[in-house]
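This document opens with one chain alone, in structure tokens, the form predicted on its own.
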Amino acid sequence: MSVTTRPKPFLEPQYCKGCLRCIEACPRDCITPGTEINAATGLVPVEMHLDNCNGCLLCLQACPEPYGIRLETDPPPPIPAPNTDFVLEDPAKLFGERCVANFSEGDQPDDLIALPACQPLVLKGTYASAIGALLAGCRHVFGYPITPSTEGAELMAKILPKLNGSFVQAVSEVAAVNMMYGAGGAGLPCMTFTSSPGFSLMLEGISYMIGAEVPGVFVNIMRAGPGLGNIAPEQADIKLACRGLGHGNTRAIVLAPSTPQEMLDLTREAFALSFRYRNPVIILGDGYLGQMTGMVKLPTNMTRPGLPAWAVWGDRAHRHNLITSIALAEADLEKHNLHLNRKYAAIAACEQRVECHRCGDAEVLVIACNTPARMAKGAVEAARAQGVKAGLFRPVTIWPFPIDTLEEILPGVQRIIVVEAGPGQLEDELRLALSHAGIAPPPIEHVRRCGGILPAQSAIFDGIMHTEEVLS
């Protein structure tokens, strides 16, 4: 009786990516990892030794490439056509229309879940921010440890596995922000904890996320710079967050908490804002705020996230969705930028937030945010005790700067004093907002410290009272 010889596999090296799946599939150890780089691809294809091969073809079934492994009897793969007639295609137009034209059919709204009453907690700022994210429904956190923000990531790494969530310590901040791009593109609430040098590394990815309209929350616990600087508190990244979020036409809401309670509340609100506008949101806390503890009250409910219709999720309702920041045609990219500008204008009109303390009759207006605002509030009270009509204007959003409220207060103000732990970045935002609004301000003075030193209440008081020269 004749025995039919089984055909044996044949490797096309230029199609092999070296994934090694065929090695795992072969029961007779006929395939080994390669040792030489293929000059055509720059990859290392596997090597076949077929003396012991029985033709089971499990390797062919395991190969993910159409022509990586084929039968000796199969025709050779087609020769690619020359690139002389290659035409760039816009990714947004490449795959055709959505299967479900009506976005609302794929939109699953958030749910609110009631929480049981509990006693206030005493938490440091980074922990409070992490809990705020959990209450917002965030179950995906990506990051790289960096002082003084690491504790927030550490807490998430402990809690998320118990909530069917994921914490991934990426190999770098560059990797972390691109993981956020993927999770946010799938419509999932995601975040990172970082500090100033790490935030700088994330800017390219943030620009991509803004261009592709991908939500995500970035908690940046600012430290002193430039360069590595030190790990002490400084408001060193205001300019970066408000004016420098990567290349191109980039804007994001920038929230500036001043207490652990606000770290929780504003982090939770940041997720809502991020999905409302399909845009990253930045939370700027200084190093002192990230590490200090304070009393924190939990809200009465938490959020179970839905699934937005624009998400790249993989089911029929979301098929043909596209997350991309590239528009190859100049006219298309201009149209997209005009769309972004309209969104920024809506944010600027609707999301200005500020806390005013004794501003109604203020003649000396102190402007401060983050931890320096707490010293400034004490100085305002001390000045009031001396008969000086001082007030504190605390921007909760640094972008958009709360210029509308400031304009209402300014008619009675004789002097403005900007207090900040940095070399004038908050004052620059104030001056830009005044200029864009066409408002002529009263004289603007400042009390500044940098290098990780916070302005003292006594120095702010002296500035209000005009008793000595302020630090510049």
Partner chain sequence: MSAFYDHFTRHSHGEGLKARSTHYCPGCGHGVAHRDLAAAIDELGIQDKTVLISPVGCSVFAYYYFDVGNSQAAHGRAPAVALGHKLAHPEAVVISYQGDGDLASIGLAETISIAQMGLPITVIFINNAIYGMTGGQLAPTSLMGQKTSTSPDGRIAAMGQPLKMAELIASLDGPVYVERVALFSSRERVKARKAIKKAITNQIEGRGYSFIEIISECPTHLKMTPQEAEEWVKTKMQPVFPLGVKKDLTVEPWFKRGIPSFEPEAVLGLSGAEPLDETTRRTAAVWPGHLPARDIAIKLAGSGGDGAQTAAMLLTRAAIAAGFDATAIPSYGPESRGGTSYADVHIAEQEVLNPAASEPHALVAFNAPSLAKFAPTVPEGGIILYDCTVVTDPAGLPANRRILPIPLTRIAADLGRPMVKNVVALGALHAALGLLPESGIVDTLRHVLRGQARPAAPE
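The term rigid core refers to the maximal set of C-alpha atoms that superpose within 1.5 Å between the two forms. Positions refer to the first chain, counted from 1. Owing to the predicted nature of the structure, the values given are computational and were not obtained by experimental measurement.
If you look for the form predicted in complex with its partner chain, you will not find it shown, but the lines that follow are about it.
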If you check 388, 328, 272, 350 against its partner chain in the predicted complex, which one has a heavy atom within 4.5 Å?
328
Of 356, 146, 157, 323, which one comes within 4.5 Å of its partner chain in the predicted complex, counting heavy atoms only?
323
Among 359 to 367, 218 to 226, 342 to 350, 176 to 184, the region lying within 4.5 Å of its partner chain in the predicted complex by heavy atom distance:
176 to 184
Does its partner chain get within 4.5 angstroms of any non-hydrogen atom of residue 119 in the predicted complex?
yes
Decide whether residue 58 counts as a contact residue for its partner chain in the predicted complex under a heavy atom distance cut-off of 4.5 Å.
yes
Are any of the heavy atoms in residue 304 no more than 4.5 Å from a heavy atom of its partner chain in the predicted complex?
yes
Consider residue 68 of the chain shown here, and say whether it contacts its partner chain in the predicted complex, taking contact as heavy atoms within 4.5 Å.
yes
Output flag, 108, 410 and 444 jointly within 4.5 Å of its partner chain in the predicted complex, heavy atom basis
no
Taking its partner chain in the predicted complex, which residues along 123 to 155 bring a heavy atom to within 4.5 Å of it?
131, 134, 135, 137, 139, 140, 142
Would you say residue 426 moves its Cα by 2 Å or more between the shown form and the other one, aligning on the core?
no
Align on the rigid core first; then say whether the Cα of residue 443 has moved by at least 2 Å between the shown form and the other one.
no
Taking the rigid core as reference, does residue 33 move its C-alpha 2 Å or further between the shown form and the other one?
yes
Any idea whether residue 321 and residue 66 get closer or farther by CA distance in the predicted complex, knowing it moves 3 angstroms or more?
closer
